[in-house]
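We begin with a single chain expressed as structure tokens, specifically the form predicted on its own.
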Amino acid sequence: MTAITFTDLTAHIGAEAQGLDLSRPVADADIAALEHALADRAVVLIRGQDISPEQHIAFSRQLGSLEDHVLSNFCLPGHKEIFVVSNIIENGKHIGAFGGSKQYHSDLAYLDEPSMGSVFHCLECTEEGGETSFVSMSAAYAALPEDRKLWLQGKRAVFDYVWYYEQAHRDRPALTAEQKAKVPPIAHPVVRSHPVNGRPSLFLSEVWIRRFEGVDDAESQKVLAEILEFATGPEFTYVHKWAPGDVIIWDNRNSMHKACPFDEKGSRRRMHRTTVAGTRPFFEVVA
């Protein structure tokens, strides 16, 4: 029996979990409940968590093995599992990845085996702005017209990290040849089945997707924009206003997220993220 209770945050996405202390090992039954909540609701919020980097890593490992981020220069010193997201500058250098993506995406979708999900811990946040917006890609897919669903089911998208990075991150250090070699273009199904509950979801992104296979770049970007305009409607969205101690787990297999703008020069935001390894996306038609 699990001791966790869940409260839905919106009609389609998000659940707040009560009854967890992440500074201690979490019972197997509670981990199973979290996994099912992620499959059904995509985002799980756990408030009031005062945890160390070691405790953050230990909890994350209960969800699966952890990924090392390609941008190793932004990982927490001594804790390569933790990717730092922050606008803070110390000793003349950014302590973490800054200017976080203001476009919807799912983490590491450009890998052969994209990440299962992320565990995001808020240490410092702004009073104004700096929220994170999440979208249910399973609810969006379910609401599409049937003819569009059928078209998408037969498509694969080419995710090209280097192509995107060189356009969007001119303010960051250039990728090295070694970093580029780790992230060649990869094709994934545009609709994927969730391995826990079998529910189909869109596997799309405003970033990294260069084209659909068999469709040129320009036409692909036009179709992608049309679908994402629908998918990111308010009915499928949850916007989280952060407070220190908040932990959010999101499922990259059925959601997208983006950072909301804030005053990056006059305020402080510091987050720690672990990334749980996933498996190659697949799609199975449910009879």
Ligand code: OGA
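Quick note: we count residues from 1 along the sequence shown, nothing fancier. The model shown is predicted, which means the values in this text are computed figures rather than measured ones.
The same protein also has a form predicted in complex with this ligand, omitted here; what follows describes it.
Chemist: Looking at 112, 206, 131, 124, which is the one with a non-hydrogen atom within 4.5 Å of this ligand in the predicted complex?
Modeler: Residue within 4.5 Å of the partner: 131.
Chemist: Heavy atom within 4.5 Å of this ligand in the predicted complex: which of 179, 101, 153, 197 fits that? Just give me the one.
Modeler: Flagged contact: 101.
Chemist: Since the chain is shown here on its own, which stretch among 140 to 148, 104 to 112, 162 to 170, 188 to 196 would lie within 4.5 Å of this ligand in the predicted complex, judged by heavy atoms?
Modeler: Correct option: 104 to 112.
Chemist: If the criterion is a non-hydrogen atom within 4.5 angstroms, does every one of 6, 41 and 248 touch this ligand in the predicted complex?
Modeler: Verified in the predicted complex; spot residues all out of contact, no.
Chemist: So in the predicted complex, does any heavy atom of residue 120 sit within 4.5 Å of this ligand?
Modeler: Residue 120 belongs to the contact set for this ligand.
Chemist: Even though the partner isn't displayed, in the predicted complex is residue 85 close enough to this ligand, meaning a heavy atom within 4.5 Å?
Modeler: Because a heavy atom of residue 85 falls inside 4.5 Å of this ligand in the predicted complex, the answer is yes.
Chemist: Since only the chain is shown here, I'm wondering whether residue 12 would be in contact with this ligand in the predicted complex (any heavy atom pair within 4.5 Å).
Modeler: Result no; residue 12 lies far from this ligand in the predicted complex.
Chemist: Given that the partner is absent here, does residue 258 sit within 4.5 Å of this ligand in the predicted complex, heavy atoms only?
Modeler: Because a heavy atom of residue 258 falls inside 4.5 Å of this ligand in the predicted complex, the answer is yes.
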